[in-house]
Each structure stands twice: as structure tokens, then as C-alpha cells.
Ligand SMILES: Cc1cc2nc3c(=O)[nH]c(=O)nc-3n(C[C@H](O)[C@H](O)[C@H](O)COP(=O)(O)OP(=O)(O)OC[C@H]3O[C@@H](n4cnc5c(N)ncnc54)[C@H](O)[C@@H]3O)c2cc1C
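Below you will find one chain, with nothing else, as C-alpha cells; this is the form predicted on its own, and questions on how it binds or moves follow later.
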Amino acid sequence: MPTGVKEIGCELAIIGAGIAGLSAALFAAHRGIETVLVGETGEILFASGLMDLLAVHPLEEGKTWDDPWAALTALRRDIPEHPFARTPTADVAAAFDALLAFLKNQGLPYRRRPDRNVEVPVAMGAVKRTYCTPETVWNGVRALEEKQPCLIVDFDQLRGFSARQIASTLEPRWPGLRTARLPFPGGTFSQQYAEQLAMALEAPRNRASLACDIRACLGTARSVGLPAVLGLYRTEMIFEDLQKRIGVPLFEIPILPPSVAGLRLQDAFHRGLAAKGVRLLPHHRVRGIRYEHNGHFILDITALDGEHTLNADAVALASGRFLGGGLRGDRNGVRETLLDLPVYQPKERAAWHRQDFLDPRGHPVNAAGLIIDDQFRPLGHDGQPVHERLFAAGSVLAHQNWMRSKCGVGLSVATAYAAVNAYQPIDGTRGEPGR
């Protein structure tokens, strides 16, 4: 080993620090598997905080579903190659139950109606159909359903959030929305960013000042919608305190990324996983993976403090697609970046995209990814698993278009659960599938 290189060992190495990788680490910890999570943290910062299960199928019809579980049944029938077709409904439900229980214990509670999707107002005035929302968003679900008299508040110079635009866009289905633009307490910024505002609300005096300003504009409003900036590390307490001071139900409206909601999720996962014994390497990048003659894996890792070598019994690829770096496209096609695994994709480069950029079916290249077996092991050119202890989960998998189907978190969580439960430790003494 070269001088200065640090060596680390574990049972399971998870590559990727998005929702799929973080969820896989959680499920591995529940099974008592010694786990190291490696990955740069950029992708999760784009998370809205909402957790989709499945809302649109088939894409050709743009059919939306109130019942995500019925949608899953239809999708499995119509697209047997889809990753959801390899994840039984009971396992999908168990994965969500485990994830939401974990986040609640970390002070980031979620709400849902177990058998149906809900609609949520989001930035720009759109309405999004989703499965789970943060507790801080849930009053917005009710307010929209009941068409309550509501005040939407924004702040001077806050980027990417306009109360007036939201009210104008929602007017046809939620008439009578009122808006207010307020100065934000706790200092002035030439350009205010969501993270700055969230941190400022950690101070009680700033919450008191904001509550006073909102009460002055309240009028007949029965609820108040605010951009999702109500705290970063103590969101539950800050939300409840501000709601009590104002005297009516509050709700957060998800904003454009990078978002405070993504930072909250990252913080909750990192704190909770570390407490469960997962070793986190969040600012490390895997440069390559090698197979040892004894069947183990060697991962070469680069970090700010130098080079590392990670020895692992098994590897789970949760490296994402193009944004996450798991896939890369060039003039010759789409390739997997770490092991050069075969990638399902259109045969010709010219067939990647449809003529209409906004085609509701999405583009064929969006279904590119790794082909797997029922144990979530990537397949080689011969149709056989590349390695008996190499697994894959999340958006790197083929035959799915998570963005158009509105199933991003559901896909990540369900496939992470399946991949981790498919892993059997070498000595056979650990790892009962657990919640």
C-alpha cells in the first residue's frame, strides 16, 4: 500500500449519499451490518422534503393516481422490468414505516394518509401530488383541500419565492388567497438565501418579531403559508413556537433547490446513522473499485485529507444517475462510471431524446441504467450477476423514469430496502431482514 494511504474495512460499503444510499445505510444498521457510507453530499440538497411513492402511470396517458398502492399494482403489470416489479408491496410499506420512524426519532416527523396521495402547494404556485410530507407542510394539505382563507407570506429579496405569483397561479382552484411581503428579522442581506433565514429563526427574538409582523397582516386568514425556512436544526420546536405566537395554523411551502428541506434531511440522516454505528465519509469520492481474488472489494477513495482504501465484503451502488455521477453520457453512449457495468439505453445516440423537449412521456435516455436480477445484483453482458455481493439501488437502475412518474423517494427507499435485505454476510451469522 502506498505511503500515507489509510485503510478501512467493513462488511458493506454503500456508494452514494442521496436518499437511496442513506436509506440503505439505515436498513443495514437495522440488520447489524457493519457499514461504511461513501459519497459526496450534493444531490440530497436538491430534495424538496416531500416523499413521493407513485403518482403518474402510464406516462403516455399522464394518468394520476389517488391510491399509490393501486398505481404500483398497475405499473408492475405494465412494466415487468421496472424495479418496483421486484419489490413486493409489503416490503415497500415496511421500508417507508422504518424510514419515517427513524426521521421522527431525529426530530423530523412526517405525515401521510397511508392509502392515498395528497396534493401540496409548492413554489411558483404549482400543486404537487405526493405521498408523505414533513409535519411542517401538512397544514397546507388541509388548507388547500378546504379552500381556507389563507395568507401567503414572502420576504424582501428572498430568491425563488413569490407569494403574489403563488396566489395568482392558484386562484382558479383556491380563490381569495391574500399575500404579504415582509422584511425578514435579524439583519439585512443584499440577497437573502433560504439557509440564512432558517438559521436566523433559531433566535427567539427573530421569531417574536416575525410573528408580530404576520399578525398585523392576518385579517380573516385561518392559516398562513410561508417559504420552507422555519429552522434548520430545531425545525419542530421553531415551527410550533411560531405557530403559537401567530395563533393560526402555519404551513411551509417547498421552495426551489438548493433547499432547507434537503439540509434537514441530510442532518437527520447523518446524526441518526452515526448514532447507529454507520461510518460516514460524506466528502469522499470513490475513484475506482477492484475485485480481490478472495471475492472481496477494494475501493480507492479520494478525500481532502488524502487517499484511502476501503476493504468491503459487499458493495451497494446507490450512486445516482447523471447528477449523482453514477452514469455519464457522451457521444458514444451512456456508461456506468465506477465498474463500467453494462447500461440499458437506446441503441442509437439520436434516439435519446424526443422531438418535443417537454414531451410528457419523458425521453428514452431517462430509462437508462443498470439491469438487475431479483436480488438487485447488476447483470453483465452474459446476463449473469457481475458479482454475488454487488448490489444496486435507486435512480441508477434501468427501466424507470422516476421524475415523470413522481416516484423518486419511493423508488430509492424501496430498492434500498430490497438490496440490503438481499445481502447475506459471508459468515452467515448476521443480518435478519428487519424493520
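Residue numbers here begin at 1 and follow the sequence given. Values in this document were obtained by computation on a predicted structure and should not be read as measured data.
The same protein has a further form, the form predicted in complex with this ligand, not shown here; the description that follows concerns it.
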Although the partner isn't part of this model, could you tell me whether Ala20 comes within 4.5 Å of this ligand in the predicted complex, counting any heavy atom of the residue? yes
Residue-level contact is defined here as any heavy atom of the residue lying within 4.5 Å of this ligand in the predicted complex; does Leu182 satisfy this criterion? no
Whether Leu242 contacts this ligand in the predicted complex should be assessed with a 4.5 Å heavy atom distance threshold; does it? no
Could you tell me if Val365 has a non-hydrogen atom within 4.5 Å of this ligand in the predicted complex? no
Location of this ligand contact in the predicted complex, chosen stretch of 28-36, 395-403, 65-73, 381-389 [non-hydrogen atom, 4.5 Å]: 395-403
The one residue among Gly333, Gly325, Gly107, Gly186 placing a heavy atom within 4.5 Å of this ligand in the predicted complex is Gly325
Picking from Pro227, Pro134, Gly231, Gly320, the single residue whose non-hydrogen atoms come within 4.5 angstroms of this ligand in the predicted complex is Gly320
Where, within 54-85, is there a heavy atom within 4.5 Å of this ligand in the predicted complex? Residue list please. none
